[in-house]
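Only one chain is given next, in structure tokens, and it is the form predicted alone.
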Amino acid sequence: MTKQKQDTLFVGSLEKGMRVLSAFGERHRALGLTEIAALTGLDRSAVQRLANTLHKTGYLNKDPETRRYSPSLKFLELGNAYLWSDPLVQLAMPKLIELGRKLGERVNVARLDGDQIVYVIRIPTQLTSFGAMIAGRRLSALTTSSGRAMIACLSAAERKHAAETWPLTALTLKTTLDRAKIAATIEEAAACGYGLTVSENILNEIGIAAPILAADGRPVAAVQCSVSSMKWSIEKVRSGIAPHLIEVANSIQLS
């Protein structure tokens, strides 16, 4: 049996430090050493050294009383660096602002990252919840309109593989977990040019998204809109929102 070649450029201690940073998020806003160890799979002594180093270098705050750690303002600079480095964000942002004004609804741009989507632009409305305003949020690609819109642009074999194997996370009682039904919605998205979900991630919410394609036809992102099903019917979403999303998605050209 051939031994796997070791990556001599891989820095294990840095990877462990990034695991500590990745432990923080929407559900884990402040953590103690024991909690970080449980979330990262690292032993407590290693976590103590890593967390202290990240605190001393300014990436983690430390509460002097509880001794719990939380992300600092310097932590935010990492996300800021990404937004500046991604040309899609700079190209799409003004178009999304105008689209949000035109529709009067929340619009987003999402990237596909493995089997998940990540929101990189979020243009909220006055009634948008805080969690739906924050860029960087991840969701299962199979249960989102953005994910389905992008998967629909892959080859038939890739679409089939995604529908059959990518993980599913139920966020509401109406999240579709039937893989045959999901495969059918992806094929529908391939036929009509946009993905659609109803109450999959938030109850009474309709999500619709159109893919942004690279020059070779591969999906690179999706323009997405979320509306209330109490205000919009599916038919109205298809006729009144889908054409605008497709138009904006097609207007974003990446070199």
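Residue numbers here begin at 1 and follow the sequence given. These numbers were taken from a predicted model, which means no experiment stands behind them.
Keep in mind that the form predicted together with a further copy of the same chain is not shown, yet the notes after this line are about it.
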Residue stretch of 222 to 230, 182 to 190, 199 to 207, 22 to 30 approaching a further copy of the same chain in the predicted complex, non-hydrogen atom distance within 4.5 Å: 22 to 30
Residue contact check: Ile234 to a further copy of the same chain in the predicted complex, 4.5 Å heavy atom: no
4.5 Å heavy atom contact, Thr57 to a further copy of the same chain in the predicted complex: yes
Contact label in the predicted complex: Asn52 to a further copy of the same chain, heavy atom within 4.5 Å: yes
Close approach of Thr175 to a further copy of the same chain in the predicted complex, 4.5 Å, heavy atom: no
Of Glu77, Glu158, Glu164, Asp115, the one that lies within 4.5 Å of a further copy of the same chain in the predicted complex (heavy atoms): Glu77
Those residues of 72 to 91 which, in the predicted complex, come within 4.5 Å of a further copy of the same chain by heavy atom: Ser72, Leu73, Phe75, Leu76, Glu77, Leu78, Gly79, Asn80, Ala81, Tyr82, Leu83, Trp84, Ser85, Val89, Gln90
